[in-house]
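First, one chain by itself: the form predicted alone, in structure tokens.
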């Protein structure tokens, strides 16, 4: 297991470097000159050259990337071209909002998806299976942003039970913080719940019909023990990678929910950075999001190593 941890950590660091390099060099393809954007179209050419030299933009791209990535390792993400604030401080203000949303949406998707999948898979063809299958098909067909708007219309406008927009920090009150995340978390978890539930249902049916389960039943093993010790563990091996993929999709789609529910997270920061051509802020935000996805993949790999010894390096 130690070799697996070291190997996956090394691959995660390499993935982070490659992701940072891809983001940096793709952004360099933009036709927008940040120096001209900062000083204006009619600025003195000497001032333009002086600012480029001051920011290090006159150096080769490879040296610029190495300097920028070395700054990230030191905790220096640069300075925003638009607000002239440290990018790290801006990310620190927005990150708790996005993390809270991802924890809420991810937890709901995993819990509801696994519960629905196991309930349907344990009795295939029954009324529970039919209800879950129909609900999953409907959830996959509904666009997430439309579902978010309908949730806001019902619970915020009609019933007035939950806020329709805005975010309350955890320090300002746990109950208010939770209320501000209920609707966006539900909307964000919709698609992930459906995918996890459908895949879990199929895996549970396959495991229950496998020969080794029939042999365990023939020895008189109690059904509860069969489910806890054998079905759950063997079903989670193929389901865990699906959970990892869905969590990555939740991270990618969280920016849509942040715009719908007016949450000041990383997604809205990246959209604003694209509009204002604030490249340092955009690069820093994308690297943070990439790091979150890489951490999820690392957790999935380690979880698979714990569940299935065959994936551990020999």
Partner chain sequence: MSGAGTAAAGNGPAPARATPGRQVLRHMLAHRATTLALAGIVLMILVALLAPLLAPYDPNYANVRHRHQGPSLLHLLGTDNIGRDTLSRIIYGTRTAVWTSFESVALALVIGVPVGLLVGFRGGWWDRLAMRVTDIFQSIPSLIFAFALIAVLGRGTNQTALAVAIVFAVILMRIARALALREREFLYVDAARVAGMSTATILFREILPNTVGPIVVEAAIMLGSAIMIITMLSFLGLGLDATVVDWGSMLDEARNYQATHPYLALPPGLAIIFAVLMFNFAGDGLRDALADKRSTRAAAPRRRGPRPPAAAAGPGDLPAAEVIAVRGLAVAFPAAEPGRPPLEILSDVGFTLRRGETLGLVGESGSGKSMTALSLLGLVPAPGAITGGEIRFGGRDLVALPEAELAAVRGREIAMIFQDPIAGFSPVHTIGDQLCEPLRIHKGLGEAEARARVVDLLDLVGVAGARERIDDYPHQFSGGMAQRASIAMALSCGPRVLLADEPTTALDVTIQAQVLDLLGDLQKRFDMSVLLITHDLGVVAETCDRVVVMYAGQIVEEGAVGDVLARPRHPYTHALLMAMPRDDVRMARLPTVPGAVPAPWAWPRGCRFMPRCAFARPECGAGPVPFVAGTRCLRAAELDLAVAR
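Just so you know, these numbers come straight off a predicted model, no measurement behind them. Positions refer to the first chain, counted from 1.
Omitted from view is the form predicted together with the partner chain, to which the following refers.
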Which one, 174 to 182, 67 to 75, 113 to 121, 225 to 233, holds residues whose non-hydrogen atoms are within 4.5 Å of the partner chain in the predicted bound form?
-> 225 to 233
Among 9, 48 and 63, does every residue place a heavy atom within 4.5 Å of the partner chain in the predicted bound form?
-> no
Contact label in the predicted bound form: residue 23 to the partner chain, heavy atom within 4.5 Å | yes
Do residue 191 and the partner chain come within 4.5 Å of each other in the predicted bound form, heavy atoms counted?
-> yes
Tell me, yes or no, whether residue 35 is in contact with the partner chain in the predicted bound form, where a contact means a heavy atom of each within 4.5 Å.
-> no
Answer for residue 198 alone: is it within 4.5 Å of the partner chain in the predicted bound form, judged on heavy atom distances?
-> yes
Quick one: from 89, 142, 103, 170, grab the residue that has a heavy atom within 4.5 Å of the partner chain in the predicted bound form.
-> 142
In sequence order, the residues of 293 to 309 that place a heavy atom within 4.5 Å of the partner chain in the predicted bound form are 293, 294, 297, 307, 308, 309
